[in-house]
Ligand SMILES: C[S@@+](CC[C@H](N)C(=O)[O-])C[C@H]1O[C@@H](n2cnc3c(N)ncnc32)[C@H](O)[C@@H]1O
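As structure tokens, one chain now follows by itself in the form predicted alone.
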């Protein structure tokens, strides 16, 4: 991902029209899926990493919706400006500048990992998934959500999007499944976002890092 382009968009990011039609509904979808895997009476600390956290919107949504749980939240993003804004917003976690392909965390550390819309911008997507797998505990869960080129309309729209965001590739659902298999992760389900007709396909892939030990 080009750091400079996201530094440029940082101050404008939360005012973009896609917040209403794409980004906010996506965050709601991720939070709802996340809640399915956390028991209401779960009292242990929950370690969660948000890769490509941007200005920290998803982390704040998770903090609010899971406020009755003991959360340890971390966000990482390549954009210094995005992290500067996120650091003012994320009050019960920490956010850092870093590389999704070289995560600065120990193996088997996180219970959950979220990656919301940044995956298409990682040039080596298999390596990104392998890094995600490395830092997630055995039996832990990964939530990968992105715009996906599954039809001609998707390809046309995402070609226009690339003009404003830089180099990216938006793997289809089938391509995501292939990548997940190569990374030796288990695909539990793929769920499409029910969005406005003019918004391209957006899918959430719920993954698990093997079986619980």
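Numbering follows the first chain given and starts at 1. Everything numeric here is computed off the predicted structure, so don't read it as measured data.
Only in words, not in the display: the form predicted together with the ligand, which the text now covers.
- Task: Within 4.5 Å of the ligand in the predicted complex, counting heavy atoms only, one of 86 to 94, 67 to 75, 109 to 117, 135 to 143 shows up; tell me which.
- Result: Looking at the other structure, the answer is 109 to 117.
- Message: Since the partner isn't included here, can you check whether the ligand sits close to all of 25, 62 and 203 in the predicted complex (heavy atom within 4.5 Å for each)?
- Response: Spot residues vs the ligand: no contact at all.
- Message: If we define contact as a non-hydrogen atom of the residue within 4.5 angstroms of the partner, is residue 82 a contact of the ligand in the predicted complex?
- Response: Heavy-atom contact with the ligand at 4.5 Å: present for residue 82.
- Task: Using the partner position in the predicted complex, report whether residue 129 sits within 4.5 Å of the ligand, counting heavy atoms only.
- Result: Although the ligand is absent here, residue 129 would stay clear of it in the predicted complex, with no heavy atoms inside 4.5 Å.
- Query: Which of the residues spanning 46 to 75 lie within 4.5 Å of the ligand in the predicted complex, based on heavy atoms?
  - Reply: Heavy-atom contacts within 4.5 Å come from 52, 53, 54, 57.
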